[in-house]
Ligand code: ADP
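The chain below stands alone, shown as structure tokens; this is the form predicted on its own.
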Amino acid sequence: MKIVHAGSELFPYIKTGGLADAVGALTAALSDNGHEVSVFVPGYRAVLEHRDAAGATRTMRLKIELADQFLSGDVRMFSPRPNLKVYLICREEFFDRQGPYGNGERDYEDNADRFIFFCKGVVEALRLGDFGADVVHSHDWQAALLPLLLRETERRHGTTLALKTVFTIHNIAYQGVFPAKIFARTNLPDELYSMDGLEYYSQINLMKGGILFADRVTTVSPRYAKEIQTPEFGCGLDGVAQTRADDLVGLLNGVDNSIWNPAVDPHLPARYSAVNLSGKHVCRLDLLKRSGFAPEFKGPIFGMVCRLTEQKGIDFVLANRDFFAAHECRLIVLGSGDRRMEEELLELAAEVPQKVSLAAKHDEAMSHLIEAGSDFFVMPSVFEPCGLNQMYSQLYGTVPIVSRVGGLVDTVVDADEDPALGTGLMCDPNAASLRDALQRALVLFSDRPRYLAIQQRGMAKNFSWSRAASGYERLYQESL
């Protein structure tokens, strides 16, 4: 098949979260399976500075209509592997910036223009380049207008740019909601600013457009596909999602085994496998040392790697600060985000510096070391569309402690509820239930044979993207 993807992030070129990992791994897996894959991403400064883009060639010039203006842009292309081409929609005014969405303090004020331009640029490149796509697959609100703009362009020009369109919701909490005046920038027919179109409480909602106008809609786990149709998790779009129930499917993300594999991970001081876990002990010693703790510590290490946001359940962890102070354990946190949460974690680390450590930054190598060196990975999310760290944890022999939400339910089995198949510990998304899970973790850690059995079951799981990609292949074939 000829498959086109479009998204605002693509690992290893630009990444703020799991979106980049998912788009990067899925497109690579599809190309490895012999499909002709093209992926469009904005021409951010960071992407253009990546070594793979050094030889990018300009393939076409763009002239994009935004309201009553025509803005120019370039399309540059490079091919990082067989059957995969990366196309960059470039305009310095929009994308030559330090960050993809904001300056660290707040979002860019022109994000609506930036990503409408991106979507229109993809459609125009498909038209000028005669891609003949079987499927055009867009991701999250930044690329959500693509299915609608593509069909409108086909109508205006009397052509076919793609047989089918697919839109994936990675996180419905981020929807691309902008003032009503932004609708003019789309140059879409006026009737599409309505309740059955992009209008959303007298504003414009880009993700709503993706849900309504793509041929098929996917989420990143089966559980999340059901959750977004409820008021509790739909973030105001539950009714819209319900209208597409027949075309909505949850496909679980996978793990890139070339990057997340303790047997070959270059970020680790020692490699290991389920057959020989000695390298994991070396990783534990290095993690303790790098976090400022005595390496001879024998108790359980609780690790966390996440953005410090309400979604990730940081407040539940902070509500249990007395647990970490009272018990002989270590808590090692890597992440930045909400300033209040960051400050409270720093205060906790200052109160019990011999037990709690926070590295308030993004550090790819350290994130791998925490997964490898910890005994438990703490992930008490309020909601979690798919989640990747709970999968990494199991593959790295680190028992995950997770909430009963989203993709966490699809990937972790509670060891107390199902002793034969359990691979982790589960809790409800609240502080009291997390405390119960932490207490159960202490009991589990003291029972070494049982802990090792759970560890081995987790390391035997198959979360590969080759498995995940086959689900998308079936979806594409069914759609076509």
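Here the structure is a predicted model, which is why all the values come from computation and not from measurement. One-based numbering along the sequence shown.
Below: the form predicted together with the ligand, not depicted.
Contact annotation for residue 218: none of its heavy atoms lies within 4.5 Å of the ligand in the predicted complex. Using a 4.5 angstroms limit between non-hydrogen atoms, residue 312 touches the ligand in the predicted complex. Residue contact check for residue 362: one or more of its heavy atoms lie within 4.5 Å of the ligand in the predicted complex. Contact between residue 376 and the ligand in the predicted complex is not found at the 4.5 Å heavy atom cutoff. Stretch-level contact check against the ligand in the predicted complex with heavy atoms at 4.5 Å: of 322-330, 380-388, 262-270, 294-302, the positive one is 380-388. Think of it this way: in the predicted complex, the ligand has a heavy atom of just one of 459, 468, 19, 14 within 4.5 Å, and the residue is 19.
A heavy atom within 4.5 Å of the ligand in the predicted complex is found for one listed residue only; from 279, 197, 250, 335, this is 335. Contact with the ligand in the predicted complex, defined as a heavy atom within 4.5 Å, is made by none of 396, 423 and 450.
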